[in-house]
Ligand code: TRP
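Okay, here we've got a single chain as structure tokens, the form predicted alone, with questions on binding and movement later.
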Amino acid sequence: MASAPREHWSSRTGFVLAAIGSAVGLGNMWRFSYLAAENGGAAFVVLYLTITLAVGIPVLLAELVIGRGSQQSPIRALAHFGGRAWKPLGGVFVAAGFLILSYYSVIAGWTVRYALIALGEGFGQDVAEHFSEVAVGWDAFGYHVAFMAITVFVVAGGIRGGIERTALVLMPTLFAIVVGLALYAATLQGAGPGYAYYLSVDLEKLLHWSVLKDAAGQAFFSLSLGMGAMLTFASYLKRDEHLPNSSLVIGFADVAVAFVAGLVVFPLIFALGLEERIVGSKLGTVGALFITLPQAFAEMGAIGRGVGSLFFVALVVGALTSAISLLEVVVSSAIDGLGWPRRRAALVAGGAITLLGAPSAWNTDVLGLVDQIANNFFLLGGGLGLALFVGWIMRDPIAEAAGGTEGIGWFPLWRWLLRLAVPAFLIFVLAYAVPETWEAARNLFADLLGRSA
């Protein structure tokens, strides 16, 4: 039986907005600014931007090249250019999307819950106790299921009718909210120290291995690299798409949203005198987002309800557009590899991912470990495999990348970055990240065994 013709984006704008939506998510809206503040301020921003330009965008372009050239989902795309021996790397991408979405949806469910609270009765004073109640258990699982249901609905609608249509509405909305909140934060009395803290330069902190690992992990997670999302989206492109321009637009838009989000968060926190709950605290990124910021909104009174509503709505939008791309990796692979119709693939994949996320909905320690495994093994490892594949195995990636372009002379540099610099950097980061993840896993299992004894 002949397979149905492959869908394509109806416009370049639709593809770019969907790809930016994949990149822009919870990591941009909070994790980036938190890491910047904890790891050298503006110096971290420069390091992150450098890694994005020298490592992230070359790997992003490699994903786009493979996707557009093969017109296939990850497993078949790698086999198309490298033979059957490279199918497992495509399988790593699919597994990454499957695993990441399982816990990402739990956190996204928290954002939906908080957006509804902000829009309704507003935040109370004891936000920490409230978060401990809703972060795990049936509430967390219920919102996880609801968020996955929305994601499945969009992906089941197809590329044009579901994913592209959603991106064309949600991404401009997200940009408008973030810029509007940044402008509002600039009007707050006492915002100056927040800018100073966020944008301070502490070069000493950049000498720590953990800072380099955090910057690399943030760059890969934020750009949706190593999980096959960009490869899958590019497989729906027509042959004349200008891939270098698209990769640069996606990369810089991702960095810009993350940077501007920091201009919202820290002026707001410092203007309300809540900096001690962030600086040197042990809350971590998740606790600071779901405890300290809601406390800030509560102390702002009536206007805090509006600001909090916009902020958490923006988080929901970013989480949804990223989740859509993760689910599409799995769905596209099921369509290509198993011959399933899209709706069946979306329902089955979405249901399986929802079940896999149940442990994260019942235990935040499990969620944290899965996050570490996904970032430190799947994303960085997948990016390493992709760089080596395009740099050394793919027959003529430059010719494939050059389709639809004219007069670009840095393609040879791009390939040599993938051959040497990018793998060396990622191996270096992995050498630090793997032992850390292993230790976290040992501690979690020891704790779980201790509780059961």
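Numbers for residues come from their place in the sequence shown, where the first is 1. Being a predicted model, the structure only gives us computed values, none of them experimental.
Just so it is clear, the following notes concern the form predicted in complex with the named molecule, a form of the same protein that is not shown.
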Check your understanding: Taking heavy atoms only, is Ser224 within 4.5 angstroms of the named molecule in the model of the complex?
Key -> yes
Point to revise | Contact label in the model of the complex: Leu379 to the named molecule, heavy atom within 4.5 Å | key: yes
Check your understanding: Heavy atoms within 4.5 Å of the named molecule in the model of the complex: does Leu26 have any?
Key -> yes
Exercise for review: Consider Tyr114 of the chain shown here, and say whether it contacts the named molecule in the model of the complex, taking contact as heavy atoms within 4.5 Å.
Suggested key: no
Practice item. Could you check which residue among Ser235, Ser105, Ser322, Ser333 gets a heavy atom within 4.5 Å of the named molecule in the model of the complex? Key: Ser322
**Study point:** One residue of Val265, Leu326, Ala314, Ala77 in contact with the named molecule, assessed in the model of the complex (non-hydrogen atom, 4.5 angstroms)
**Key:** Leu326
Exercise for review: Indicate whether the candidate residues Ser22, Ile100 and Ala229 are all in contact with the named molecule in the model of the complex, with contact defined as any heavy atom within 4.5 Å.
Suggested key: yes
Review point. Out of the stretches listed (409-417, 27-35, 390-398, 53-61), which one is close to the named molecule in the model of the complex, meaning heavy atoms within 4.5 Å?
Key: 27-35
Check your understanding: Which of the residues spanning 343-362 lie within 4.5 Å of the named molecule in the model of the complex, based on heavy atoms?
Key -> none
